[in-house]
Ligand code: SAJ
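Take a look at this one chain, the form predicted alone, written out in structure tokens.
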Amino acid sequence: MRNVEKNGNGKRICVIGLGYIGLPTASMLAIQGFDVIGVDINKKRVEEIKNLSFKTKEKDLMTLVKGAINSGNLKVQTKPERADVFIICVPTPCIENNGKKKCDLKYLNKAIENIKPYLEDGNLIIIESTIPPGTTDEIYKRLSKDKKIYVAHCPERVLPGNILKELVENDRVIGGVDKKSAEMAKDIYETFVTGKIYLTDAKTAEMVKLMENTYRDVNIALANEFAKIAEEIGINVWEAINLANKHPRVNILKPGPGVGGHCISIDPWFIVEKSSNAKLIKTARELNDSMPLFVVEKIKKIIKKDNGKIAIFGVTYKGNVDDTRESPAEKVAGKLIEDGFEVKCYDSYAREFKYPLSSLDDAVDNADIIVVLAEHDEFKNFDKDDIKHISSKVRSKIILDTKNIINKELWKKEGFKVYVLGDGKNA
């Protein structure tokens, strides 16, 4: 395969998986002049992309996809075709087997099997999906028995809500099964990435991605443990963290109701799966997984009853996004329902959730407590009239803010008793 120029140089690229990474990547490559085939096994998803009827909160993504399709360089379908380059962007969820959590590679393996009939000598396979160390090498060994191919791992590094900007501007790490594989992958990415591109071996690239998210997870666990301790000893953890962070070499993160999303809450388990030395990582992951139950117990302590109605504000895993994957709200709601509470969830961002989504009025009607679980701007910006309206609907004027984002004084003026996760002064 020869080097790729800025106009795509006639190269055909097949992108497998048109989710939050695959679709913008395929569209970006099409805009650069590549002949791109976007593949997704979900027929509904394919039709929505073709018709530009898919829903997204990502700024400018609809415009990018429309431009890619109208250029004639991007076509989307349910089956792959022959190509020079195959980029795999399929989910790699975490599953539990015999009490141990590990990476589920079934979607990745299925993608490999689906492209196998179309592979030719000289083809390049790039895996963007997050995977345990050693996976890329194992795939190369399987496929290189029949063909002279090249394989690289280029993990995605984008933040939902800001994907297009970060897809272009963030530095990228590319690990090849050999030097040429890494260099060939770099030829593709440097057509649209303005950040620096660093080359390494495949196993190191796999570990780098896991380390990035594990770093965040461990530091969040520290903040969450501080929150638990603060409630136990009677201090406000938010005040303490703010003061501790005045030290020039301290940067404690914020506590919360748990860690969600497709990366931070999952990726550390892929290290634990591969190494018996990952003791701190495992402990941090378990601590963060314990936070939803900690919130449930705090709710019960506040309302002092074993049943009633709980209004949950925010079910996405983070603020101002529509993604509910691995959301702590799912565990909070599930446990409350299991324990006999009526739970109503309100979230203007979420498109789907495990439990029914309600209107704001329906959620707060006769509620015994409002629990804020996501830091949406909407909740930060409730004004006096908004709160007054909510006040007229609830049974009890109680609110628990697990993200420390609401305007406490406004809520208090309307007669609400305000509780904050990690505030032991007002526990």
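Since we're looking at a predicted model, the values are computed, not measured. All residue numbers are counted from 1 along the displayed sequence.
Not on display, but discussed next: the form predicted in complex with the named molecule.
Asker: Check for me: heavy atom within 4.5 Å of the named molecule in the model of the complex, for each of Leu253, Val259 and Tyr317, yes or no.
Answerer: Checked in the model of the complex: all three residues contact the named molecule.
Asker: Answer with one of Gly176, Pro160, Pro133, Pro292: the residue that has a non-hydrogen atom within 4.5 Å of the named molecule in the model of the complex.
Answerer: Checking each option against the named molecule in the model of the complex, the one that comes within 4.5 Å is Pro160.
Asker: Exactly one of Ser181, Thr324, Asn123, Asn213 has a non-hydrogen atom within 4.5 Å of the named molecule in the model of the complex; which residue is it?
Answerer: Only one listed residue qualifies here, and that residue is Asn213.
Asker: Any of the heavy atoms of Tyr20 lying within 4.5 Å of the named molecule in the model of the complex?
Answerer: Yes - in the model of the complex, heavy atoms of Tyr20 and the named molecule come within 4.5 Å of each other.
Asker: Lys11 versus the named molecule, in the model of the complex: is there a non-hydrogen atom within 4.5 Å?
Answerer: Although the named molecule is absent here, Lys11 would stay clear of it in the model of the complex, with no heavy atoms inside 4.5 Å.
Asker: With the partner left out here, check for me: in the model of the complex, does some heavy atom of Lys186 sit within 4.5 Å of the named molecule?
Answerer: Answer no; every heavy atom of Lys186 is more than 4.5 Å from the named molecule in the model of the complex.
Asker: So in the model of the complex, does Glu206 come within 4.5 Å of the named molecule, heavy atom to heavy atom?
Answerer: Judged by the heavy-atom cut-off of 4.5 Å, Glu206 is well away from the named molecule in the model of the complex.
Asker: Among the candidate stretches 295-303, 112-120, 150-158, 80-88, which one is within 4.5 Å of the named molecule in the model of the complex when only heavy atoms are counted?
Answerer: The contacting stretch is 150-158.
Asker: Select from 403-423 the residues with a non-hydrogen atom within 4.5 Å of the named molecule in the model of the complex and write them out in sequence order.
Answerer: The one in contact is Lys403.
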